[in-house]
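Only one chain comes next, encoded as structure tokens, the form predicted alone.
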Amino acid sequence: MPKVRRSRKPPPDGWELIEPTLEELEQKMREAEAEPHEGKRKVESLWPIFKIHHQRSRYVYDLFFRRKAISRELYEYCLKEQIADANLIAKWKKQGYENLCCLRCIQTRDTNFGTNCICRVPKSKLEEGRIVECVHCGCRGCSG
């Protein structure tokens, strides 16, 4: 099985603690990419990839900012090697975006009326019993 790391520079201390989880997520990503897409809409075939990308970035974010389990050096290594998405993590640090599913949901150029995605609308503002599913990533509501 191929390793997660990509550069020749050796990883910092603490890498052996997070490597098994990152390898597992990498394996899930490969399975999601190879999964057949017959019978699915074009956008639905990308949803598992967005979900795993979110999980991998959230894992690194939680280890560094919430649990303080990894060093800054290892965190910056993960960002530099693109193991975690630096732009998504930057949004998670801002108020109101703590549970953001993907960056496409806040890009106004991807929507018809120049607004945010439907998953960014709070559940209290939606009709009762209405099931919301994001077109971009399959999220069912990341606004809180």
Partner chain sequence: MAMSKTTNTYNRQNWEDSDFPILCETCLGDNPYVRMTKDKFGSECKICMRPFTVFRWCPGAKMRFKKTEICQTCAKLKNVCQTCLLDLEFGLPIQVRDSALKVKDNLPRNEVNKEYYIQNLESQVQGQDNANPLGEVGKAQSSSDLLMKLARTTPYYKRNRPHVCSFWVKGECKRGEECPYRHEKPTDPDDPLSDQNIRDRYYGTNDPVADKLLRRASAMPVLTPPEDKSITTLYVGNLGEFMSESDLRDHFYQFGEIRSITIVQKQQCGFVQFTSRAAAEVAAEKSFNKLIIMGRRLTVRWGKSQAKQTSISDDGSHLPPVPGLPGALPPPPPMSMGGGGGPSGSNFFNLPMSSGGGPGGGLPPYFLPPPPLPSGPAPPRASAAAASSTVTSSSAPAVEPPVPGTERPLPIYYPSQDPTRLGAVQLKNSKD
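All figures in this text were calculated on a predicted structure; none of them were measured in a lab. Positions refer to the first chain, counted from 1.
Another form exists, predicted together with its partner chain; not displayed. Remarks below refer to it.
- Tell me, which of K93, R30, R41, K80 has a heavy atom within 4.5 angstroms of its partner chain in the predicted bound form? Contact residue from the list: R41.
- Q55 near its partner chain in the predicted bound form, any heavy atom under 4.5 Å? It does not: once its partner chain is placed as it appears in the predicted bound form, Q55 has no heavy atom within 4.5 Å of it.
- Item | its partner chain contact in the predicted bound form: E16, any heavy atom under 4.5 Å | No, E16 sits far enough from its partner chain in the predicted bound form that none of its heavy atoms falls within 4.5 Å.
- Query: Would N87 count as touching its partner chain in the predicted bound form under a 4.5 Å heavy atom rule?
  - Reply: Answer no; every heavy atom of N87 is more than 4.5 Å from its partner chain in the predicted bound form.
- Message: So, T115 and its partner chain: in the predicted bound form, are they within 4.5 Å at any heavy atom pair?
- Response: Looking in the predicted bound form, residue contacts with its partner chain include T115, since a heavy atom lies within 4.5 Å.
- Item | its partner chain in the predicted bound form - contacting residues of 113-135, heavy atom within 4.5 Å | Contacts from 113-135: F113, T115, E127, E128, I131, E133.
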